[in-house]
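Shown here is one chain on its own, the form predicted alone, set out as structure tokens.
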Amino acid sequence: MEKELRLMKGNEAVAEAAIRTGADGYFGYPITPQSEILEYLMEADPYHTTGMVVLQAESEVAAINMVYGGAACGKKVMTTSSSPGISLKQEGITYIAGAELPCLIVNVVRGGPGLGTIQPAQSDYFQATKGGGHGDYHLIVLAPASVQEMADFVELGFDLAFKYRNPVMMLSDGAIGQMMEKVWLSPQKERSKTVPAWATTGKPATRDRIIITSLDLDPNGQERFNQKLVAKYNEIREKEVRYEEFQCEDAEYILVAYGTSARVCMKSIQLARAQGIKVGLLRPITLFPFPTKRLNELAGKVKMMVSVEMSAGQMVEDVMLSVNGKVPVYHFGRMGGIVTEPEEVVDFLKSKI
């Protein structure tokens, strides 16, 4: 079967991609600006003909714990929310990471702190990449910059989650969730009938009892488990870094941006180069693992880097660590749900040259 071309919102693309990739279950709760995901799934399959479980839980806390249960059964399960809702899910997320279970979590970020605004932001970077819950753990974090990637990263997210038995987060924002673009959708996949060896399925006579938990009261046992996690995260850092470069070949200055900010920077580069300023863009696609090595390489070839974010400055810390003092690193960002203008980025860059 060939791919199908549609005009869709980013949120709708996530929902349709979940159906087409053969997801077993979705558990969520409405919150602006991502409610269309739940609404689309409910409307697309009101009679459960696909076999996918779609459930509006009584709260975000309930939703993430339903994901925990479904993941423990080896099922392809997911949840979506926006910033305050993701905060409520943090305890469940750290339990899932501590139990080494695969799942997909989508955060369509809005401005904060607190209830904040329903407008787009990128101020959940720390929460996503540094472990928003307790303990030593990491999520694999994908940062879509288009409606097409909102669809594509659903399948990629599930693939990575099951490959490493680790939760994956898609860190989007309200602009990408609500914008409409052309998107090529993959053909419908059959739902997998294979049960992973580690999954809880009852106790058939052919296998030993399986217990899935994140609890170990023996400190030595807990340390050994944490060391196992560290080894896994280091493998992810080695094998799963993804990024995109734009006009970096002759660049004297580098903008570092993801998601909506990266889209803005594409226009900023066009404007700056028209004025004779050689600037390029490095767009991290994985925020964890972060493209540290490539940024360090580029730092040896340019005069300056600017981290462009819709926040007070969060990713800029990872850029600074990557550059390791080779060149100056600055942050430019707007907050409160304001999307940066391309001209503002150019003006800031010129002020630092």
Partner chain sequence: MAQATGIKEIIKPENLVYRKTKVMTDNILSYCPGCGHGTAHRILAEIIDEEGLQSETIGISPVGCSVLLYEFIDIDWQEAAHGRAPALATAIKRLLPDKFVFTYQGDGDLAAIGTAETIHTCNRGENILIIFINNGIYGMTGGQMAPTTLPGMKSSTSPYGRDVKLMGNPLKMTDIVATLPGTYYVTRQSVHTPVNVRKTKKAIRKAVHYQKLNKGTCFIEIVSNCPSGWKMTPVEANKWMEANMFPFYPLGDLKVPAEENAQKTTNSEKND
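Residue numbers count along the first chain shown, from 1. All of these numbers come straight from a predicted model, not from anything done at the bench.
Here the subject shifts to the form predicted together with its partner chain, a form of this protein not shown in this document.
With the partner omitted here, the stretch from 231-239, 141-149, 121-129, 73-81 that lies within 4.5 Å of its partner chain by heavy atoms in the predicted complex is 73-81. Annotated contacts: 253, 290 and 317 are all free of its partner chain in the predicted complex [non-hydrogen atom within 4.5 angstroms].
Between the options 44, 304, 61, 321, the residue in contact with its partner chain in the predicted complex by a heavy atom within 4.5 angstroms is 61.
Residue 91 is the only one of 245, 155, 136, 91 with a heavy atom lying within 4.5 Å of its partner chain in the predicted complex. The shortest heavy atom separation between residue 40 and its partner chain in the predicted complex exceeds 4.5 Å. Among heavy atoms of residue 227, none comes within 4.5 Å of its partner chain in the predicted complex. Of the heavy atoms in residue 275, none are within 4.5 Å of its partner chain in the predicted complex. In the predicted complex, residue 207 approaches its partner chain with a heavy atom inside 4.5 Å. Contacts with its partner chain in the predicted complex, taken as any heavy atom within 4.5 Å, map within 210-224 to 210, 211, 212, 213, 215, 217.
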